[in-house]
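One chain is shown next in structure tokens, namely the form predicted alone.
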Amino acid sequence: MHYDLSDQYHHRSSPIHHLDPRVKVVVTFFYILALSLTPEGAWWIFGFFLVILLSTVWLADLDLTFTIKRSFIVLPFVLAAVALPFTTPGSSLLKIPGLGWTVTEPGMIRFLSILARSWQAVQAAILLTATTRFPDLLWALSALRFPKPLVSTIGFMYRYLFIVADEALRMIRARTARSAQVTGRARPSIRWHGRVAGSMVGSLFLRTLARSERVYAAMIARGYDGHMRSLIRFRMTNIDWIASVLTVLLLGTPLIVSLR
């Protein structure tokens, strides 16, 4: 492999790492669900959930900024809601001179609530992948009765992402060798680079499709029936049950209080 798509799992001997992967998947799901059910503008609940998340990061023996630094990937997607402060009706909070735009208080609250939900949900997903090996995660999804085609698709997508990335890197290296700058000769134009990039994307798609057909034929020849079998087995312990119940109580109590 020449391309760094290494696993995000971080091996530690922490209580979080030793939990059953089913517990971690369910807890992450309930955490994201609790975030989505949190009323807009309930900042103390968002802060409480963030404290729970950072405490879990600390128990996992990871840097407290581990999930925070990696969760900024969500910011470009939140830009889809950037118009809410200007389009949501309500009391005026700020007027932008020269443009005639007005920022409303309900719109700003809604935008910041969406930002808090998305940001913390991504942090929870990052923490899940950092404390759970990918094969264990697939086993947990299967054990929780997720649709088998979905679990198989996730597994294949993850495994062959490395192969596709390596193939793309070889194609980029070949393009670079054909567009080297020679003394006394102009470099290829932007139009040439664009045409070559388009050809590379099409060629990569065709190569990926052909390889997937060969791989599937090889799997069928070896008895593949649509189910990914694994030798991994986990058993729920008392600590797993305690962690599950405690998490549900911690996440559910603030929501019940806020709805009263």
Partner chain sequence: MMWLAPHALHVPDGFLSTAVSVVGWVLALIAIGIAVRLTRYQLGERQIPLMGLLAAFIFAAQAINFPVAAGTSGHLLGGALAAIVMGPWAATLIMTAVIVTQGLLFQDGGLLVMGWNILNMGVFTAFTGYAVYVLVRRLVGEGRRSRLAAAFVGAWLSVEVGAIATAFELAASGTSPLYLGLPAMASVHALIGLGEAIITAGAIALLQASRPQVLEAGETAPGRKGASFMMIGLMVALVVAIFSPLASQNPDGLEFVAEREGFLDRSLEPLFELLPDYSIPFVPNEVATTILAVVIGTLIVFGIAWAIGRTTVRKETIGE
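Under this definition, the rigid core comprises the largest set of C-alpha atoms superposing within 1.5 Å between the forms. Positions refer to the first chain, counted from 1. These numbers come from a predicted model, not from an experiment.
The discussion below concerns the form predicted in complex with its partner chain, not included here.
Residue-level contacts in the predicted complex: of L93, I96, L150, A174, one residue has a heavy atom within 4.5 Å of its partner chain, and it is L150. In summary, among the residues L64, L33, L50, L59, the only one with a non-hydrogen atom within 4.5 Å of its partner chain in the predicted complex is L33. Although the partner is absent here, L231 sits far enough away that none of its heavy atoms falls within 4.5 Å of its partner chain in the predicted complex. Although the partner is absent here, T129 sits close enough that one of its heavy atoms falls within 4.5 Å of its partner chain in the predicted complex. When its partner chain is considered in the predicted complex, A140 lies well away from it, no heavy atom lying within 4.5 Å. When its partner chain is considered in the predicted complex, S118 lines it closely, a heavy atom lying within 4.5 Å. Contacts between stretch 29-46 and its partner chain, counted in the predicted complex as any heavy atom lying within 4.5 Å, involve F29, I32, L33, S36, L37, T38, P39, E40, listed in sequence order. Taking 2 Å as the criterion, G194 counts as shifted between this form and the one not shown: its C-alpha moves by at least this amount when the rigid core is aligned.
The Cα shift for G90 between this form and the one not shown, taken after rigid core superposition, is smaller than 2 angstroms. A movement of the C-alpha atom of L204 reaching 2 angstroms or beyond is seen between this form and the one not shown when the two forms are aligned on their rigid core.
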